[in-house]
Ligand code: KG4
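There is one chain below, alone, in structure tokens, taken in the form predicted on its own.
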């Protein structure tokens, strides 16, 4: 089975082609083509992702990414044809809210033959709904012309599977397992009872961890995205063995549950800074203190969930899972954990939003594929939950 993955949940426009040999989860995967355009430089001037701009850039870039992915996969075959007026009208209607995308796609479809693809997987949530709709409508348009079924994929389940993916296979897990999903919009602990079956056992009550990183970075005058910048300064402080700058709280660390709160930690940093400009070494110290507080909370809450539910595996996923300090602490502490526990960390290239993880999840849920009739029910859901998908 060849799967075309499409990802437009936030500020990455990604399209990939993944070949799956065998049934999930006992399949072997080959990444045939992969194309990704990051909008980070565009959104940097806003200090964060601006939804209307993200939507516009997805519409401008999707056909180019599709071409790159199909070409790399050896599936882009020149074949001049003319789409009927009825088909062109249908595509224009499907893509009526995506400026210029229908015209560009029609030109592409009239130039190249239908690729040897069996399934389209597209992110339908969670994420920014204006951005999600671009990818969904693009998938619907391709399905209309190529007569290929479409699987709507949960973006967060994609992060779970990308963390398990070793480049060719997914391990045969024992259950229950715990997934800690940390990103700019999410901080949650999910209990996996089985493949595609999740129970949300903990989540943030306010700021997501990635959001807290970005907000603290802005306080320190650091550019967007703030997470890597905070980590860079924190690393300098550790290497120089600088003293603490402030005693920061660890919110809810002993609350006896798996919920998180990072708003108070962010406020504590604000008060510690006292709205003054700091010299470089003091910025390094406060960045280190903040990062240490975050890691302490994430570890303690995850440990609680593992012990509470008797998990055999811990899966760390999401954009913030690229953080070196989090990876170091989790690897060190769980290596000496008294009960046998498998820790799965994603390849750093797959921590950011990508379409490979969407294709993998599409394969896992291929039985849920929608045909032409079912595509009318396909909707973007900015708050789509793993629990509701189980």
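Numbering follows the first chain given and starts at 1. This structure is a prediction, so every number in the text was calculated from the model and none was measured.
Just so it is clear, the following notes concern the form predicted in complex with this ligand, a form of the same protein that is not shown.
Contact with this ligand in the predicted complex holds for all three of 159, 184 and 228, each having a heavy atom within 4.5 Å. Comment: 320-328 is the region of 55-63, 24-32, 360-368, 320-328 lying near this ligand in the predicted complex, near meaning a non-hydrogen atom within 4.5 Å.
When contacts are judged by a 4.5 Å heavy atom cut-off, residue 262 does not count as touching this ligand in the predicted complex. For the chain shown alone, residue 210 is a contact residue for this ligand in the predicted complex, at least one non-hydrogen atom being within 4.5 angstroms. Within 4.5 Å of some heavy atom of this ligand in the predicted complex lies at least one heavy atom of residue 214.
Of the heavy atoms in residue 155, some are within 4.5 Å of this ligand in the predicted complex.
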